[in-house]
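As C-alpha cells, one chain now follows by itself in the form predicted on its own.
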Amino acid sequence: MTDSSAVIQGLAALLDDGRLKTDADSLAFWGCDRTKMYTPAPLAVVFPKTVEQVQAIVRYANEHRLALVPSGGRTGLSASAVACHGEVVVSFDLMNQILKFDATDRSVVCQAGVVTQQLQQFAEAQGLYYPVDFASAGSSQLGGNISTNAGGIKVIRYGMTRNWVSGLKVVTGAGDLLELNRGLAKNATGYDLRQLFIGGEGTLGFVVEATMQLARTPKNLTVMVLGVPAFAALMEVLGAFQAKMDLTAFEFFSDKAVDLVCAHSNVPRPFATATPYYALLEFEATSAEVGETAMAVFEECVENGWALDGVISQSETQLKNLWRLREDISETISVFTPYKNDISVVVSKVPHFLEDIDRIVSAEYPDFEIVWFGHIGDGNLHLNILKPKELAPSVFFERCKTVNRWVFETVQKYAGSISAEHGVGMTKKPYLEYSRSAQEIAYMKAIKQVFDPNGVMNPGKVFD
C-alpha cells in the first residue's frame, strides 16, 4: 500500500460511503475553475455533508500535512479553486441546504453549497430579494461568493457580497469551528473576524454556513440601453442620471461585445445603428414621474452628444433581452480562451484611467481583438483579450503577461485594484504588490499563520 493510498483510505473513513472520488474524470472536473492556465491534478475529491465532517477533514489534513482546496460552483476566474499540485479538493456540493429563515430579521441561514440562484428564488418566494447577482448565479455557490466577496451587476445600489453577510460559521485551518457575529446588525465587541473570511479565498479556513440578509423586492425594474460615442461619454451619462434618479445598475460594453453576443445568442441588437460603446442602466420605475425623468435625462445626454441613440424596455421580455446583451458576454467569449483582467479605480478616476489602459492595450495588442465590459458605475472594468484561433494558448498567455506589468503599473498609478471582484488566486498573485504594500502583505501572512498554522488551507493562493 502506497502512502497516498493509505491517506485516501483515511480520508474515506471520515465520510459517508461513496463520498470520495479519485477517478480521472472527477479529478479533472472538481479540480479546476473557469481559468484555463493550469492543469488540474488533485489527489482526491471529498464531499462532506456536515460541519463535523469538514472539521474532521481539516484535522486529518493537519495531521498528514495535506493541502486542501475548497470547491464550490467552480465559476471563479483567478484559479483560486484550482488544485494542480496533488491537493485534496473539498467540495461543498452536498452541503446545499437552506436551514432557517426569519421574516422579522429578513435573514436566512444557508450552507456553503447553496447556489446563488437558489437563494434568490427562496427570497422571492418569501416576497423578498437577494440582490447580489451575476451571470454565473445559476451555478456559483455562496461559500465561493463569500470567499471571493463577489460583486456583480447590482453593486452600484446594493454593494458587494460583504454587505449581505451578517454571520458566518467557519472551520479554521486548525480545525476549530468559529461562529462569527451571529447575525447581529450592531456588534461592537472587538475585531470582526467575519470580515477576514469574506474575500479570504479559503486561505484562512472554510465557510460552512452563512447568515445572509435579504432586501425588499424592487418595483417595476426598467432598463435603458444607450449608444455612446466614447469612453469619456459613459461617465457623463452616469453623472447625468445619478444627479436625477437612483440606479440599481449601470453597466457598459463595447460594440465588439454586442456583435459577438448577437451572433452567438440570437439576441436582437438594441437599435439599428452600431455605436462604439453602450451603457445599460436599470432603475425602479415606481411612478410615471420617474419614467419621465429618465426620458428627460436621456434627451439631455443626446443634446450634449453623450448618447447617440437609446431604447427603453417596454415589457419583461424586452428587459431580459436588453440584459442579455451584457450578461451573455462572458459565456459568448469563453470559446475564444480570453485573457481577462478585472481592474478597478474610484469612479471619479475612471475616464482618465480608461484612456490610459486603452492606449496601452491598443498599442501592444494590435493583432488581438479586445472586448470591454464591466460595472463602470462602481469603477470596475473587465478587459478581455481574445485568443486568435491559430495561436497556441501557452504563447497567447505569455504575450498577454508581458503587458500585464504596464497595465498594473497604471492601476497602481491610479491607486486602484488589480482584482475588483474575481479574487487573487494564482493568476493575479504575481501582481499583488501593485495593490497592496509590502507591509500589508506581511500582516496578511501573519494573519494566515494564526488561522492556518500548518499552511493546509488553499496554499499557493493570494500569496506564497
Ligand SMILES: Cc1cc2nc3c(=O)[nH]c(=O)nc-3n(C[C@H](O)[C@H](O)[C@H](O)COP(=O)(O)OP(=O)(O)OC[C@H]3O[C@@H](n4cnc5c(N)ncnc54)[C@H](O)[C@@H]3O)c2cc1C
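So that there is no doubt, residue numbering starts at 1 and follows the sequence shown. None of the values given here were measured: they were computed from a predicted structure.
Just so you know, the form predicted in complex with the ligand exists too; it's not on screen, but the next bit is about it.
Residue heavy atoms within 4.5 Å of the ligand in the predicted complex occur in exactly one stretch of 270-278, 252-260, 324-332, 227-235, and that stretch is 324-332. Remark: Gly151 counts among the residues lining the ligand in the predicted complex, judged by a heavy atom distance of 4.5 Å or less. In the predicted complex, none of the heavy atoms of Gly167 sits within 4.5 Å of a heavy atom of the ligand.
In the predicted complex, no heavy atom of Phe353 sits within 4.5 Å of the ligand.
The closest non-hydrogen atom of Phe241 lies beyond 4.5 Å of the ligand in the predicted complex. In summary, among the residues Phe336, Trp372, Phe134, Trp306, the only one with a non-hydrogen atom within 4.5 Å of the ligand in the predicted complex is Phe134. This chain lacks the partner; the member of Gly73, Gly379, Gly175, Gly310 within 4.5 angstroms of the ligand in the predicted complex by a non-hydrogen atom is Gly73. In the predicted complex, just one residue of 444-463 lies within 4.5 Å of the ligand by at least one heavy atom: Asn458.
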